[in-house]
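Listed next as structure tokens is one chain, alone, in the form predicted on its own.
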Amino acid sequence: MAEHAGVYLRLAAASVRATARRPAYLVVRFLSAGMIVGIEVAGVVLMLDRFGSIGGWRPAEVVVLFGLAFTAQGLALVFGDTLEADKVSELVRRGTFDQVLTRPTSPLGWVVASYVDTRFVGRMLAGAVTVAWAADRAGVAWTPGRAGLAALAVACAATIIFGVLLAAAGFTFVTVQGSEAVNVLIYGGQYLASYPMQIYGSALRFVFVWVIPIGLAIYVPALGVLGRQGPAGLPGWLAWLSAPVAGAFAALGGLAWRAGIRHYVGTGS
């Protein structure tokens, strides 16, 4: 296991070194990813300042949710970007995945480690800065417990996004063509989880809390970070349930990936 992990780490390091050979390109992509987060957060702040609050949440509190969501998305896509449906579709159509299957490594390990998109590090760091800035504006007094909840939210949401990517990649092995529906879940789900869950209808809350639990991973721990009371009947310990739920969701994504490989038939090249 350690030997295989070392191989994947060296492969990922080689990808980063290749990108670093063009430092200007690397810096521009890194900064542009961070600027996108900054622009979107600025738009949210301006909008919420106009209306005062949303669902009883002040603008700074909502921006904490945005920061957690962006940080998690950036963390998931640093490695999971190569699992996006359009990129897996290209691997299949070009016949490149046939070559992957002949290598004495895990196909998933090779696909994930073969290219590390460092621009998403910029998104991740910009999200973390957003959390720190918004939490200060919201009057959050950081304690080890609150810091742990914030880290838990990021780790669990990133795990869920990675699970979505795995499942979509497995589906692409069968359909060959990728589906834009995945972007609805990855990017649309991230934006949905960036607002208080109580502003949505019960059906939408159920989907993004229990079916694709990115809302559970971000919203519930954020209540503890901000010291807010959740809706009536929402227990505080539910935040710690997000870890096993995220793990189970990623495991289901892994099963979908394995099922997709079992049904994979090379398209020829």
Partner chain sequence: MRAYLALLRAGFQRQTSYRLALAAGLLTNAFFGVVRTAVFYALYRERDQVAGLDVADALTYVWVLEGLFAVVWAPWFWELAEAIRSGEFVAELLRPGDPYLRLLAFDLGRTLSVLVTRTVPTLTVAALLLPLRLPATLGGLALLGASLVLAAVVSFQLRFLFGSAAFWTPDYRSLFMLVFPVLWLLSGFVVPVDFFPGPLRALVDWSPLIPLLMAPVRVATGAAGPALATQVAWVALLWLGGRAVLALASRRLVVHGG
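Numbering follows the first chain given and starts at 1. Since the structure is predicted, the reported quantities are computational estimates derived from the model, not experimental observations.
There is also a form predicted together with the partner chain; it is not shown, and the following applies to it.
Within 4.5 Å of the partner chain in the predicted complex, a heavy atom is found for not a single one of Ala128, Trp240 and Leu252. Contact with the partner chain in the predicted complex, judged by any heavy atom within 4.5 Å, is made by just one of Met124, Leu192, Leu83, Val154: Leu192. Only one of 139 to 147, 84 to 92, 101 to 109, 195 to 203 lies within 4.5 Å of the partner chain in the predicted complex by heavy atoms, and it is 195 to 203. Looking at Tyr187, you'd find a heavy atom of it within 4.5 angstroms of the partner chain in the predicted complex. Taking non-hydrogen atoms only, Leu48 approaches the partner chain to within 4.5 angstroms in the predicted complex. Among residues of the shown chain, Leu226 is not one whose heavy atoms approach the partner chain to within 4.5 Å in the predicted complex. The partner chain is not shown here, and in the predicted complex it never comes within 4.5 Å of any heavy atom of Ala60. Taking a 4.5 Å heavy atom cutoff to the partner chain in the predicted complex, the one contacting residue in 86 to 121 is Arg119.
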